[in-house]
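Listed next as structure tokens is one chain, alone, in the form predicted alone.
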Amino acid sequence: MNLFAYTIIAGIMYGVFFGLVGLGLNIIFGVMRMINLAHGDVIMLGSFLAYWLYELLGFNPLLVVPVAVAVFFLVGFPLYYALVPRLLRSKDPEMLSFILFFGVSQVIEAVIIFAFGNNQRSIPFNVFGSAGFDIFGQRFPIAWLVTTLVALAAFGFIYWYLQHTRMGYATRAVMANRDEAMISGIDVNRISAVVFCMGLALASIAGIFSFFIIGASYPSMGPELTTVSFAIIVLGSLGNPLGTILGGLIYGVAIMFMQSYFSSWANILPYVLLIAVMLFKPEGLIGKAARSA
């Protein structure tokens, strides 16, 4: 019973984090209908930024968050305008985006390996303090609680942005129908650029706290994280950013059960979930509700 309770509670905390892992990918898809295959590599870059700021300057990961958001948001603008508008004007932007961002992923991985080697890097769990915390008699690392709270704050920000800001209203209009939004006078290109940068910033935040959930960071971890992110957003609903937290929770609880009871099969879980959803409910678990809203 203790193992079961631990698995459920830990799975929820894992799930909130993995929701954050997929969130940036989903908001970009929702606005531009493109899958950023370099998404996992951006998460990896965020983790490397956190590691080097911790090692060189002693930055607590919480202090890295505003730095990472600023850096990745600002880098995102020239990257967007260099790559995305040309893709959107092409005859098949979805397929070309797969090819382009796959190439970007390979370049990022190669550059990081060349610059820093392929060694694993990590930040110690006790960076937030050595004391744990108890939930229903189960004890967990304080780093898990901090990671969960940061992820919930990120979801709260996205909810506020989409529901309570003028740009958020415009973003939702673009998500609903890009052509109609353009006809109604919305600057679709500007919205797309902001959301693209926001997606990179969210991925970098996930990277900062990945040490405490996933473990060590290494340059070749990007493709696996992209696969996990894609499984999560398909599970929740493609193009519905807030549905990502549902996909993350299901994935988190499932991965904890697999690691606790069937550890040798845990690595295939993202692929099994992805295949199952695509076969039986390709619109995602809340896809119909998202489209009727």
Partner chain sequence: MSRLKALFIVIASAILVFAAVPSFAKKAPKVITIGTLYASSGPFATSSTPQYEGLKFWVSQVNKEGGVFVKAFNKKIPVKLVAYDDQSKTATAGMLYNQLITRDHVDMLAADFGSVLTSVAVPLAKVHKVMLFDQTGTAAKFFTPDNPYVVLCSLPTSGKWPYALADFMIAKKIPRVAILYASNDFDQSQAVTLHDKLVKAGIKPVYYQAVPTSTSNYSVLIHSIQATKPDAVIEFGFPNNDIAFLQGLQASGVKFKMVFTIFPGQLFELLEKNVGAKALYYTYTYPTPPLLKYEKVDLGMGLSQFEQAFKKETGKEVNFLNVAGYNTGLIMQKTLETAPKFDQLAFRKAVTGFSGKLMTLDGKFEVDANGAQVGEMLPVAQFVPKGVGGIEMHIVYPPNMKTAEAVYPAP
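Positions refer to the first chain, counted from 1. Nothing here was measured: the structure is a model prediction, and the numbers come from that model.
A second form of this protein, the form predicted together with the partner chain, is not displayed here; the remarks below concern that form.
The partner chain in the predicted complex is approached by Asn118, whose closest heavy atom lies within 4.5 angstroms of it. Although the partner is absent here, Asn189 is not a contact residue: none of its heavy atoms lies within 4.5 angstroms of the partner chain in the predicted complex. Contact check for Ala170: no non-hydrogen atom falls within 4.5 Å of the partner chain in the predicted complex.
None of the heavy atoms of Asn60 is located within 4.5 Å of the partner chain in the predicted complex. Screening Ser184, Asn177, Gln163, Ser122 for any heavy atom within 4.5 Å of the partner chain in the predicted complex leaves a single hit, Ser122. Judged by heavy atoms within 4.5 Å of the partner chain in the predicted complex, the contact stretch among the candidates 194 to 202, 67 to 75, 155 to 163, 137 to 145 is 137 to 145. Within 4.5 angstroms of the partner chain in the predicted complex, the stretch 257 to 272 places a non-hydrogen atom from each of Gln259, Ser260, Ser263, Ser264, Asn267, taken in sequence order.
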